[in-house]
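Take a look at this single chain, the form predicted alone, given in structure tokens.
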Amino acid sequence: MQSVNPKPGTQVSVATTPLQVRGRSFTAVVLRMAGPPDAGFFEALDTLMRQAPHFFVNAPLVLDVEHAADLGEKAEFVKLVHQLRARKLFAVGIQGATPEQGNAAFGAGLITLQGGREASLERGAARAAPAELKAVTSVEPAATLLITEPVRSGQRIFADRGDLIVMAPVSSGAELIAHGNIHIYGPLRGRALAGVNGDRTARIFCQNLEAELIAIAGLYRTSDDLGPALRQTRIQAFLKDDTLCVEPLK
């Protein structure tokens, strides 16, 4: 190879890599379908969106179709995607699908996802043959997020790697979201969603319950479902079987 020394004042163009391949994790909202996307499904979805209007904002949506066996035609997925977009919900993929559902969903622009664990690309994978590309699991340590200031209406606090502790009041219209447990040492007048990555062991602890909505691993109860006996009391919320239980905290 011959070495070239440019003259003074000569511009030299330096070749740059046109792209890079990196592994990166993002948080997505998983919508578990208990059946086909019929009128009852969209009625329940519209109700949830009215109760938690900020929960789906700017969040990619993944459809869990494990219990929606009747959903299998490309035209059905196309219609479902269009109806979700009309509600400003943007589905990017499905999980729990059969191979037939995966093929039909792909025709509607949806990808098939497996699991939900964070992964990064293995070093040197870009030099391997396509069939040899692998993803290695990268588990970040849990981290507790501590909030000491009041959470105002319209604010959203997200603990994306562990528990969330709030030492101040949570106003109506505010939203607390955590992969782990949520502890509120003040009045909860907004919404609290724990275990959003599917952790069914997560719990919510609250010193003064006045919540608009509480949820654990996708199961939720609204203010109408909580009942007057639990209002303005110290409570813990947890899952037992497939029921979201709310009990006074002694």
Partner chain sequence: MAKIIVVTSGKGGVGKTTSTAAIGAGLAMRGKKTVVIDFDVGLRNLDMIMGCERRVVFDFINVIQGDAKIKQALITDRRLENLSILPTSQTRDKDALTKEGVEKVLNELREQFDYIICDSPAGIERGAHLAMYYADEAVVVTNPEVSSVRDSDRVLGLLSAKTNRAEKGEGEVKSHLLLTRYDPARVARGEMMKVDDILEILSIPLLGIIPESTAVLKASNVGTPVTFDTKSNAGKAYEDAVSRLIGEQLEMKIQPERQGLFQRLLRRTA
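Residue numbers count along the first chain shown, from 1. Note that the structure is a prediction, hence the values are computed from the model and not measured.
As for the form predicted together with the partner chain, it is not shown, yet the points below apply to it.
Student: Against the partner chain in the predicted complex, would E149 count as a contact residue? Criterion: heavy atoms within 4.5 Å.
Tutor: Contact with the partner chain, yes.
Student: Check T112 for me: does it contact the partner chain in the predicted complex (non-hydrogen atoms, 4.5 angstroms)?
Tutor: No, T112 is distant from the partner.
Student: Should Q155 be classed as touching the partner chain in the predicted complex when contacts are defined as heavy atoms within 4.5 Å?
Tutor: Contact check for Q155: yes, within 4.5 Å of the partner chain in the predicted complex.
Student: Heavy atom to heavy atom, is P187 within 4.5 Å of the partner chain in the predicted complex?
Tutor: P187: yes, in contact with the partner chain in the predicted complex.
Student: In the predicted complex, which of 79 to 87, 176 to 184, 96 to 104, 163 to 171 comes within 4.5 Å of the partner chain (heavy atoms)?
Tutor: That would be stretch 163 to 171.
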